[in-house]
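Only one chain is included here, represented as C-alpha cells and corresponding to the form predicted on its own.
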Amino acid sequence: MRVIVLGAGLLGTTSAYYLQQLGHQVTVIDRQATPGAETSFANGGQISVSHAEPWANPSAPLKLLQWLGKEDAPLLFRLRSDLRQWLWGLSFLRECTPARTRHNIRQIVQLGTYSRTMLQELRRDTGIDYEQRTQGILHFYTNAKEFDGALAPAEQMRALGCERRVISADEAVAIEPALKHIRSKLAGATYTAEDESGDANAFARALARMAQASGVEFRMSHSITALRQTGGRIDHVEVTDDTGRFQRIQGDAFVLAAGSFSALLAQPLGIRLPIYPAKGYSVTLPVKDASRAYETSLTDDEYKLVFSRYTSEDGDRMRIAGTAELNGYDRDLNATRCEAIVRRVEELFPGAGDTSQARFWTGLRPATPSNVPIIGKSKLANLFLNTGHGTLGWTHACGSGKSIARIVSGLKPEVDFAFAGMAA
C-alpha cells in the first residue's frame, strides 16, 4: 500500500520506518524543514518507563487549586474562553480517581516497556547513535509527602514489570554523587536501572535518514491544510509547499501523527480527539564544572522536571525540561517559568552549568487527559491514529510506531494495550 504519514516528529518518523520495514510505500509530510523539529526538538530526553504516573491522579485537583495564578507553577491552567480547554479540563478531573489512575498507569507502563525494548532492538540492529545513556533514571524527592505519595504507584509499576526500586537518600547519592550537595534535603528516591536517556531530535533525524535511504519519501516544508474524505475513507490530503504551491496527495492509508495539531486536522472529519496542547519548557546549559554536574538522568517529581546529559561534538550539555502550561497553541517563552527552571537547577547543582549561555525552548505536547496516547484505527476505514503522547512521546515512540505499522498492515500488535478502534 501507499501510506501517507502526517507528521515527521518522533511518532511520524518511527511509524514511517516500521511501515517501510513491512513493505509499504511511505510518504511523510511535515511543515518543518527537518524531522523532529517541533515537540521532539529540545525535550527532556528520557526513555522513562518509570515516569508512568499520569498528571491526572488523586493528588492533582488540590495541587491545581494551590497552583492557580502562580506563574512558575509546575502545571499551570491559564484559563481561556476556549471550549476545548474546558472540556479537556473536565475530562482531566474525571481521570483523577484512584481506579482511573491505576488503569492508566497499566496502559502507560505496558506500552513503555515494549517501546523501550523496541528502541534497544533498533539500536542493536542499526547502530543508530543519539547520544544515548543507559545508566537508568533516578527519581528524587526533597518533599517527604511527595515521596510517600510515590510509593504506591512505584509498587504498581513493579507489579507490571517496571523495576522502579525504592531506595534511601544515601543510595541515591551513591548512584548520583552530584546529589550530595542536597543530601540533607532528600526524603528518598526511586531508581529504575533499565530506563535510558538520549537526544530525541538527533534520533528522529538519524532514523529519518535511514528510512529515506530505504525508500521513504519525506516532503518537508509542506503544510497540511486539510484531509478530504469520500465514502467513509480519506481520499487525499491537501498541502501547500514553502513556495505556496497547492497540492493534493493521495494514498491507500493515512497515519495521523501531527502531535497537538492532530485534533485540529481530525475535527472537520467529525473525529473529536481529546488532545490539548500542553506547553513544556526546557533549558540547555553548557557544563561549566563537570564535578558538580549529574551523569545519571534524573526526575524531580515535586517540580515536574527531568534532567539529561548530552556529550557530543557540540560539547558537554545539561538539558532540563518539564512543567506544563495549558494556554492554547501559544508558544511564547514565559520568562518567569524559564527563570524558575534555572533557579531550581542552581539550587540542586550550583555552578554545574553555565547559566550565562542558557538556551531556552518551548514546545507543545499533545496531551490527553489520561496521559494515555491514542493509537489505532479511526472511524474512517483508512485513517489511523498515532498521537496524544503528551510527556512520553520519546518513551513510547518506537513501540507506538511499530504497533501502528502492524495495525495498518492488518497484523495484531505485539503489546497488550488499549488500542483505539479495536475489539478487546
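In case it trips you up, residue 1 is the first one in the sequence shown, and so on. These figures come from a predicted structure and were not determined experimentally.
As for the form predicted together with a small molecule, it is not shown, yet the points below apply to it.
- Of the residues Val306, Leu76, Ile234, Leu119, just one reaches the small molecule in the predicted bound form with a heavy atom at 4.5 Å or closer; this is Val306.
- None of Asn382, Thr355, Gln32, Thr27 but one reaches within 4.5 angstroms of the small molecule in the predicted bound form through a heavy atom, and that residue is Gln32.
- The small molecule is not shown here, and in the predicted bound form it never comes within 4.5 Å of any heavy atom of Gly401.
- Contact between Arg317 and the small molecule in the predicted bound form is not found at the 4.5 Å heavy atom cutoff.
- At least one heavy atom of Phe261 is located within 4.5 Å of the small molecule in the predicted bound form.
- Put simply, Ala321 is close to the small molecule in the predicted bound form: some heavy atom of it is within 4.5 Å.
- Heavy atoms within 4.5 Å of the small molecule in the predicted bound form belong, among the stretches 220-228, 67-75, 152-160, 168-176, to residues of 220-228.
- Within 4.5 Å of the small molecule in the predicted bound form, a heavy atom is found for all three of Ser40, Ala257 and Arg365.
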